[in-house]
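In the structure tokens that follow, a single protein chain appears in two forms: structure 1, then structure 2.
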Structure 1
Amino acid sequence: MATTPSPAGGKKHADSLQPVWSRPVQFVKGIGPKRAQLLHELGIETAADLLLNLPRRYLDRSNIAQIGALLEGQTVTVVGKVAMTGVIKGGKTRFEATIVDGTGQLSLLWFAGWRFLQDSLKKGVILAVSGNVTYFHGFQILHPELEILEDWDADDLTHTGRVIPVYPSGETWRIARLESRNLRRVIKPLIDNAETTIKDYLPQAVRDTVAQPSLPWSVAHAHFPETADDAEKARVRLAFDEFFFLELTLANRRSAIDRLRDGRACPPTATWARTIVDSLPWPLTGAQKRVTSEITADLRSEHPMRRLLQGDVGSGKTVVAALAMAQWAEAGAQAALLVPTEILAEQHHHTLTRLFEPCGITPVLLTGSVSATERKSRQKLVASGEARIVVGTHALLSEGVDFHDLGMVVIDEQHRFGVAQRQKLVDKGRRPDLLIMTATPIPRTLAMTLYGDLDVSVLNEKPPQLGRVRTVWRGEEAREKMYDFIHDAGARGDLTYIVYPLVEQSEKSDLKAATEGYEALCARFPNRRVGLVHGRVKAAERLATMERFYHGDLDILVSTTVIEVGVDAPAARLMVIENAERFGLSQLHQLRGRIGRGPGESICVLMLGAEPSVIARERLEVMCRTNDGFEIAETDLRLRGPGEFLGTRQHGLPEFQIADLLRDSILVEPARKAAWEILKADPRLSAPDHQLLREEWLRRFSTRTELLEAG
């Protein structure tokens, strides 16, 4: 991207404005070329990288136990002096070291892996050991975690005021002989004069307001704090910086897009959109109107739109997308809707066909299961521009699919697609407008880091005409009662979903559960039409079964989570989720979103296969209490952490070294604000005050160019 300052043009360290901080790690005292090579594997290139490799924990009085006060079963850290060591032969050969701290003695035992310890655990060495205390002729810890302390006051082991940093360990650190003890020796001199040798790269205004304390203070106190409080203050400042530089990158990416005024403004005619609205059997909700006008303003501007539409399941995103697509279609260009599954593609195609009928437009469907000849002819329609509205799955991304004039791309259920995939479709047009839709509400702080370069619209209101969903959880003892629910639903002519956990390649038992459940239901309800779909059923057959269900030709659909994504069967008013304790919260919410899509009350029964743990119970209770996707997402995020919450697939979450998205979420917004303001005032960071900042930004991201690419 031409507008990004190029790392290749970055200054050599000799010209650096920050010589100590940016010094290549090889030239840090105590490192040298061999260790530098190993550190390189850990992504540590400069003194700064070394300094931003913070201690994993600290040893101080507040977390060190006295041997005399140990209790069996405790997990503790003890500091003591080695009094005796030896290999004990016998039944099982072991190595034992005894340490004393003036209040008692503790023996440490190794049954394996002690050979390389033998040399360092000499009599008189001071150790910090951690582990679980057991009792056998005295207190002992088996295979303790171990730190050799070099400068602990040996005469006053338990009453020292020192705080000792303990660094992340691992194979590479060990090979480099940079275990905690040595690392402390390397780092100490680097921070001894930090206040004079390390300059704070953040502009004064940011330092005065949100980024306190200073960089040199924080670096010094993150490594050698006087109190745990200081260490935390220091960590928070450094975490802030991580968010800040990420936001700076996002802001840069965004402003690069905005500066490219070569997007196209969509002409301000909205006759078709009005026609569509007028033909709807219900009025738009307030939120749908608001979001539609936010989108319309983007379409009218010559900046390419980059907008995320967040709307809980059932908030009515499809019609909002259709109203945007209609405007480009009316202008003579094309709009494409990309969805993750065939079922969803067919359903959206069906919906859009109905919506666009009064405009005289026939949307074209492109999926993998369309026959080769049919596909050719549809691709022709797309290539000629005759197809103004195109709906499809991944098939849309393939080589042979060319658009005549792609004005807009809409991505539904965006968490199923990676950035690269969405870019593939965008690249089929000339800077088309992009609307990304997601039904997984993402808590605000997460959205700001994950989609920080996008504008965000939120559909925070559900159509009042849609039914309520009541959710309950039940144990195995209530199975008969659950069957009564199914019976009653059938008697009313309602459709029922029975959902089992996903059938994974290796998990035969899941498949068995779904299949057995299906057989049990068939036996139990001989007069009902029951269907079964799961991941091992062939795609075409799966599609056929699900379609029969949506058309009301089946009463009960037994499935695994393959039905998860946004399909719409208004007559489905009962859902039973088996082994509900095995699902994530957000996933349960998505599943539940399949019911309550028509008028009347729907019921969701969460069946538990096992007594729920405390956390599982909390999850289930949230599900029963609320239908608000945002509240559920916040809880899910809190209970599972960001990585799990987003799923490992392609979530694109930046990795933070110091910051923790959950713990430090309060820092995200101020970091974002500061970064965006700076870049707005000085897009190229060319002001003299911003030179240090610019240098640091390049230092941080020069090896991570993916962050500098345009989105």
Structure 2
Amino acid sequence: MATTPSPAGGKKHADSLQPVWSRPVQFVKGIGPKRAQLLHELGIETAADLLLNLPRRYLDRSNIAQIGALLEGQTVTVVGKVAMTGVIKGGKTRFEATIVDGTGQLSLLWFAGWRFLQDSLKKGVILAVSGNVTYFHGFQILHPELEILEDWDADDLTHTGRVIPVYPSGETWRIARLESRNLRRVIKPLIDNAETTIKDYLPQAVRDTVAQPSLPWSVAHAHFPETADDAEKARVRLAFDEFFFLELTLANRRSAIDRLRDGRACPPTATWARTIVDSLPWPLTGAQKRVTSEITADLRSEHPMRRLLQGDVGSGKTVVAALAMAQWAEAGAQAALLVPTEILAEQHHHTLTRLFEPCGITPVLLTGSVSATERKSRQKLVASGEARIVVGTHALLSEGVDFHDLGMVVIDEQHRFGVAQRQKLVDKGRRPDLLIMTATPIPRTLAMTLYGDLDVSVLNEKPPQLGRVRTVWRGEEAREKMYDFIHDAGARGDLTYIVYPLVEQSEKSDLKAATEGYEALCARFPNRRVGLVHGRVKAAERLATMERFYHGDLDILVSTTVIEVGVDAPAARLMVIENAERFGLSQLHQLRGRIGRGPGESICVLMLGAEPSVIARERLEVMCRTNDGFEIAETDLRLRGPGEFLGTRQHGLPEFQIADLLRDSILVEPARKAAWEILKADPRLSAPDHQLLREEWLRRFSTRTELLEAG
């Protein structure tokens, strides 16, 4: 278990920290018990939480333009009162609001997305609007950036005559009557004497090393900056802190594992691993040999292995994992592979069955769809230890699945599992070795943030037997040409994938469905053998269809994205992805990875069902330009952001309030270095100058025991 920090001397950390920072939010002037109860719903428990709820933007009211002095082509911010609103029908229906400020009037126009404005932009409402000034029968701004102001008090410098904060708003804030104006009145007194009432928890040595301003200055200027530059400097310091405390937690978790010697060294037996290698139809790549050596060194250590294995599609991760699992299985223990979906479990089980056949071992499959009788039978094999290799979905985590001697855990597509789920399987053994695999290459800064407690191995080399894949995108006008591609592929003996985004037609979507596509292709190619798989096909039938395709008993496989991972048919050299503009970049890359598994050139055709958006066009261009998974991952992260990139939220990992993994990526490495160096020198943060640091760490992470204690 990781060393969870605790306050020294039995003293409550709220008493030893500075009064403002640790003050319960209900005792902040202007809050009170009722408002505090609402703020608790937003995760705001203390004044510190309130102060770290930063403005979402700023208005520079020292530079507000007067309507009467506007010029065409200017980009301005104007404050005015709504004089009238209305929907104007004609060539294109639009919504118009007219504002006045005593010097003139300005029209605001919306041609789209305006319906929600009708209820909020009532006569008399005061607005701050920003945008480019145009002229058509008077000055106007099209689709302005908009802020509703509660009031406009020229005598109150908290709200005007300076750069002022505009805070995030929502239903809870409105119910609490803590919109921007009232929130400014609450926060201003908290930071008026910040230099004396707020102490910095970061040691001076860290601040000097990373060149960050002090906490009191940063909090004050994040809320009431004198300039936009000051606001950004303050935000960067507070973003750095978020990265720092997460890295401190990851470093704590890893150092606790490294201090323990309650793991087991796997006996140096590699007969089964050599048997598997000898049975492969091609030699291991240099990268596979290197990573296998790294993993084997971990297995021989008494420290439990904690390693992340990254590899692009087709790089051979499953073989590397099998070689590691074989070593524990040969030693008499068990190895378990956890995967997120049943179809992936079926495919991994199928692959491992082939790999372990020369060793006389048959892996056991445990999924939710296994019948109750069969599940009990397989659970007995697991509990007795007879099942050396076990593959399964979340079913492996359930009560009743007990291992006789679990020596190793492998988790595939880790981003679909949370920290707590991974720990639940690890806890079924006695400090088993842990190997986490991902087929989605993860950019360096994101990997350090998500998996900073793990050693990282990268398979950056593809087997030489893999052919080249050429990617093109085409519109509907090229459909006949695409059918010619399918015909020619069949004539050469090449197999074809046709991928659709939906199982069946939806009333809300114009996407072609796999079932309709299957019927159309059967009619178009009556002499070709066409199969269909999707998520609603029963597991046994789905696997049988894929087997037929793999062995060449089908010419065309029509599918949804269930074939995104795992189906390796070397003779498949053509893939057509319908409505490709609707797929994400990583998903397109994963799908494309199903072809090019044999020698020669393969072709991936991205068929568009509609004119692509700007972002969709960029995705398509990247797909056609490169097959490099890491370059694709970097682009995907930039286009979609970390949350969408990962697919699901990392359970147990904090949601950054201030830091942005893209915008602030340059902060990750120095934050990591500083955190790890501090914990290396003072593992329990017991030094006097680390007291505030330890207490702030507790404040931020004391409720996240799955992060503090997972190992």
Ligand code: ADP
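None of these values were measured; they are calculated from a predicted model. Structure 1 provides the reference sequence; residues are numbered from 1 along it. Take the two forms, superpose them, and find the largest set of C-alpha atoms that agree within 1.5 Å; that set is the rigid core.
Here the chain appears twice, and structure 2 is the form predicted alone. When two forms of a protein are overlaid on their rigid core, residues whose CA moves 2 Å or more are considered shifted, and G80 is one of them between structure 1 and structure 2. After superposing the rigid core, the C-alpha of E330 moves by 2 Å or more between structure 1 and structure 2. Taking the rigid core as fixed, one finds a CA shift for R597 smaller than 2 Å between structure 1 and structure 2. The Cα position of W272 changes by 4.1 Å between structure 1 and structure 2 once both are aligned on the rigid core.
Here the two forms are laid over each other by their core, and the C-alpha of K122 is off by 14.0 Å between structure 1 and structure 2.
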